[in-house]
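Shown below, as structure tokens, is a lone chain in the form predicted alone; questions about how it binds or moves come after it.
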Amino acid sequence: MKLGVLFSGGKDSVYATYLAGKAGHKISCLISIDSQNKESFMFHTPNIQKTKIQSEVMNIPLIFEKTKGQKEIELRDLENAIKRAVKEYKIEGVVTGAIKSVYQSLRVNEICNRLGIECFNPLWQKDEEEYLEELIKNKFKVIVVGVFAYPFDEKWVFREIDKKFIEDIIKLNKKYKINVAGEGGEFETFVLNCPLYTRELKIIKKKIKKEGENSFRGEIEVQ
């Protein structure tokens, strides 16, 4: 089946792309939405512009659209982007990286139902700890590009998801209820390399912006 992927460049959407391909589907395009609202209910915002270079190293075309990020209105912008994917790439379904977000899953499903296409959530209800272990096992190089919850600090930004990261995030989960996979928006990620890439992306510049007491956003330039 020809599929389009709702693609943020973070671990969930990239791994969902990987799983959809392994299941035998044809990934016809990626769909990225650049939201002006950093607090968007629907869309990952850190380094969203970098999905353009990710699509290049994946050799998959990208549909890149912007939205002001107003609640519900942003869904119309998403639907228009998916309509464009149906028209230009003849997709028959959409892949999401949702794990437990009912809000996101329901709304994408509603859009797909209206357009008469399928909705695939290959990570749905996946055990978070097992999921992070799978990323490492399958050679995904993933870094944290933003933390947005107590007790995170700037030392977590740009950390790679490795065995030590998993140990540390499990400790935070037990003590502070931080979701191990960041599904509650506690942290955001960016994929520098994985089996879908023709080459690893290299960071050539990076900086951290403090946005609150426990809110730090990492900005990167990659090539």
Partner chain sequence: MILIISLCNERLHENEFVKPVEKIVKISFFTKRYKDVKEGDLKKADKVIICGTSLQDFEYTQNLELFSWIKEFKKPILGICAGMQVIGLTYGGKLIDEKYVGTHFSNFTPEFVNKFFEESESLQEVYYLHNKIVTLPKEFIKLNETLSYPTAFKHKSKEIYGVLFHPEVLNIGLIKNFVKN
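From a predicted model like this one, the values you see are computed outputs, not experimental measurements. Positions refer to the first chain, counted from 1.
Another form, the form predicted in complex with its partner chain, is not on view; read the next lines as being about it.
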Would all three of M1, W124 and D127 be in contact with its partner chain in the predicted bound form, where contact means some heavy atom lies within 4.5 Å? yes
None of D153, E88, E133, E110 but one has a heavy atom within 4.5 Å of its partner chain in the predicted bound form; the exception is E110
Testing 67-75, 143-151, 101-109, 80-88 against its partner chain in the predicted bound form with a 4.5 Å heavy atom criterion leaves exactly one stretch, namely 101-109
- Message: Considering non-hydrogen atoms and a 4.5 Å limit, does its partner chain approach I208 in the predicted bound form?
- Response: no
Task: Contact of L201 with its partner chain in the predicted bound form (heavy atom, 4.5 Å) - done: no
Residues in 130-150 that come within 4.5 Å of its partner chain in the predicted bound form by at least one heavy atom, in order, are none
